[in-house]
Structure formats: C-alpha cells, structure tokens
Ligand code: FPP
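First comes one chain, alone, set out as structure tokens in the form predicted alone.
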Amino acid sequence: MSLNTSAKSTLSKNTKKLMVKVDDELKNILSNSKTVKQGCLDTLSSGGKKVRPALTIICGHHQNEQQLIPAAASLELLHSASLIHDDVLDYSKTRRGKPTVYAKYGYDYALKTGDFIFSSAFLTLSRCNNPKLNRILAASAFKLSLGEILQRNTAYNARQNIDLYYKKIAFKTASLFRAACLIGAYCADLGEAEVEALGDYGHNLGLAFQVFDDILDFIGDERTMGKAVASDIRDGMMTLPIFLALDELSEKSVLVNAVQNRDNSDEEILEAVVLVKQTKAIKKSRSQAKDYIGKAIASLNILKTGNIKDELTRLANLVIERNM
C-alpha cells in the first residue's frame, strides 16, 4: 500500500515522514479483526499509489498530526473498501497483478472484509472529533455508491450520453479526491477560500486521474497496471476514448458490439482496441485530462504557502506522466 517510485520522488520529506505514520496507522487498524484479518492484511500489502492520503497530508500543510494521520488513513480505508466491493461485483480475480480478496477467500469473506474496512474508515475519522470531516467523508461515500449504481445500470450499453460518463467519474473518482483535499485543508484550519480552492484542485485532479486510467486501458502496459488491457470493454464500460472514437467512426458496429457483448473473444476485443487507436480518441482524451490538470493547478494560485503549492503541482503533473 505504498506509493510507487515516481510518486515517492515527487513528495516532500515532510509528506514522506507523515505517510510512514499513516502506514503504521493502517496496519494497526486492519489488524483489529480476527475474522477478516488476513483479507485486511492482503489489502494492506497489495500495493497502490496511495494518492488520496498523500493529498490529505499535503493539503493539511503537515500540521495538526493528531487529526491529520487518522484523517489521511480514513481516506485510504474508504478507497480500499470500495475496491474490494468492486472486485466482488465484477468477480475480479486480480488487482494490481495480485489475487483479489474475493478470488482468494470467496464472496462472503470479501464482503465482510470490505464492510469491516468501510466502517473502519468512519470510526478512524471520528477520532478527529470534527463533525465537518465526518460529513465530507459521508458525502463522498454516498457519491461513490451512486457512481457505482450508475455504472452498473449503464454497463453493456453503448447508447448513452457522454454527460453520463462525466457524472460517473465525478462520483466514483473525483468525489474522493475532493474529499481528501477538503479534509486536509480543514485539519490545517485554513480559510474558506483556500479550502474551496483545494477542493476544486482535488475535483479536477480526480477527473484527470480517471480519464488517464481510461486511456491506459488502451495503451498501458499490463504488467505495470496490474490489470488486463481493454478491461473496460470486457466489462461493458463506456469510457471517454470509446465515446470519442465512436464520434469519428463512420462504421460503428464493431466497437458498439464489443461494448454490448458480454462474451467477446480475445480477437473481438483486439479488433475494438485497434479501431480506437486508429482514431484521434486517445490524443483527444489526453488533451482533456491535461485540461483538468491545468484547472487543478490554477486553483492553487490562492495558496500562501509556496512549498505546498509546488508539491501539489508536482503531484498533479505525475498523473499525466504515469505509464505514458
């Protein structure tokens, strides 16, 4: 559950120091249940960028550790719980190149593990004794759930509006990025203008993060990503590159059928991927993600602390550099 090498080099010494304490906090929390302890420890060791708690630490200006450490840990716990539940719903066998909790221990155990980690997020955050932080995380969890419902209800349906895609990624990804920044900012007792600016930063960073994930689904390296290329098509998901490719293609049936067919062969998936790559969809999607990064960085102009602004800028730029 540690940041990858490029992300680690992006973070300041102060952030790295506090992230070690977040790791220790997570280990203590996830060792508390005898029933699902092994699933929790597997989750802890599965690897991950841990961007969300890092955002909380940085937006918290490395201050007020008594609140900041449990707050940052709560973000990672909520994110981890959502991934376990996603794997159960998708019957996913691997994540980040390793067997999922669902694959190793079964449906019921995975659900219990996800539920335990989910509830631990709110219990951990309650230690901050700040109802405002609880409301922010609860609102984010609510949007995560709505995003998941929207995604399930629109799977294997290529006849949908692109606005729905933006709504889904705002709920499923950007909401938690925004929450991470807002919670950190409130821990540092920043003024409302700075808090809102950091919330905007997190929102746009989250949108960019998801768009780049969708791009990498077509052009990324399977070993680096830890998941199969074109998994979105296999799961019937309409992503930005697919929307933009359909806008260009005069003959859309192959790509539409690939999204709507639950039993595609490897050859059919490859044909769909090649079609998308032959259009300008990847280039246009990358441009869209860069626009979000630009908006995120522009939000930081209000910050008075230059080193915090610089670190958040570096982290934003990392999003558009990863695996590209």
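Values in this document were obtained by computation on a predicted structure and should not be read as measured data. All residue numbers refer to positions in the sequence shown, first residue = 1.
Unshown form predicted in complex with the named molecule; subsequent notes refer to it.
**Q** Please determine, with the chain shown alone, which of 154-162, 80-88, 195-203, 182-190 has non-hydrogen atoms within 4.5 Å of the named molecule in the predicted bound form.
**A** Partner-contacting stretch among the options: 80-88.
**Q** Using a 4.5 Å heavy atom cut-off, which residue among Ala73, Ile215, Leu144, Ala245 comes into contact with the named molecule in the predicted bound form?
**A** If I apply the 4.5 Å criterion carefully, the residue I get is Leu144.
**Q** Phe118 versus the named molecule, in the predicted bound form: is there a non-hydrogen atom within 4.5 Å?
**A** Phe118 belongs to the contact set for the named molecule.
**Q** Though only this chain appears here, would Arg178 touch the named molecule in the predicted bound form if you measure heavy atom gaps against 4.5 Å?
**A** Contact check for Arg178: no, nothing within 4.5 Å of the named molecule in the predicted bound form.
**Q** So, in the predicted bound form, is Lys172 in contact with the named molecule at a 4.5 angstroms heavy atom limit?
**A** Result yes; Lys172 sits at the interface with the named molecule in the predicted bound form.
**Q** I'd like to check something about Gln210: if you look in the predicted bound form, is any of its heavy atoms closer than or equal to 4.5 Å to a heavy atom of the named molecule?
**A** Residue-level check for Gln210: yes, a contact with the named molecule.
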